[in-house]
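Below sits a lone chain in structure tokens, taken as the form predicted on its own.
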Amino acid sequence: MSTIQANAASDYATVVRERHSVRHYDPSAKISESEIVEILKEASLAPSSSNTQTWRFLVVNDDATKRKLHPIANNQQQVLDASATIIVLGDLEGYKEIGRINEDAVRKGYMPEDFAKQFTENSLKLYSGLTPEKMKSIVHKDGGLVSMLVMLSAKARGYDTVPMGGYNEQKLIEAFRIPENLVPIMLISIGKAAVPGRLTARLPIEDIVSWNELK
């Protein structure tokens, strides 16, 4: 392992071990919109089904909108105190962007043009024929992958986060006029901790790993 590789591994080990869910935030600590954009850019390097990148983000960072979101998120205080809360959404029609994505890959030299054309045609045919339930399953998987990278990217910059599944989905859809093609995945508050996140125990690795066949 090279020195660069060793340093990268060490940095990752620190980030992943120091990330904890934080529910108490310093309301005076603000993260600029440009830095949130950079965090989301990094997170969007996550893998996704056929590289369709079905995630979408609605960032709530002004006080009035935080107050609107607060009761929908079961009155969790971090929605008010954190610098922002990111509403992670999955686009059921996101696969329709596959042509644009592949054309960009061709321009950048990542993909031959003939392959891109066939890949696009096959993908559009596949995804357009899936049931709504299957598409929801896909965007939820993709949304989970990108959400984890949001939290790790934030921690690498010295910020804290907490993922939230505790919210009223129907009220969220109504209050924020979320269209039918977008499915709420989770909320992620981001900011500076006022109180360190509580440490949590983990199951022994030997209890959760099997080799070649399940125990």
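Just so you know, these numbers come straight off a predicted model, no measurement behind them. Numbers follow the displayed sequence, beginning with 1.
Keep in mind that the form predicted in complex with a small molecule is missing from the display, and what follows is about it.
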item: Which of 59-67, 176-184, 35-43, 157-165 lines the interface with the small molecule in the model of the complex (heavy atom within 4.5 Å); value: 157-165
item: Gln78 within 4.5 Å of the small molecule in the model of the complex, heavy atoms; value: yes
item: Distance check, Ser21 to the small molecule in the model of the complex, heavy atom within 4.5 Å; value: yes
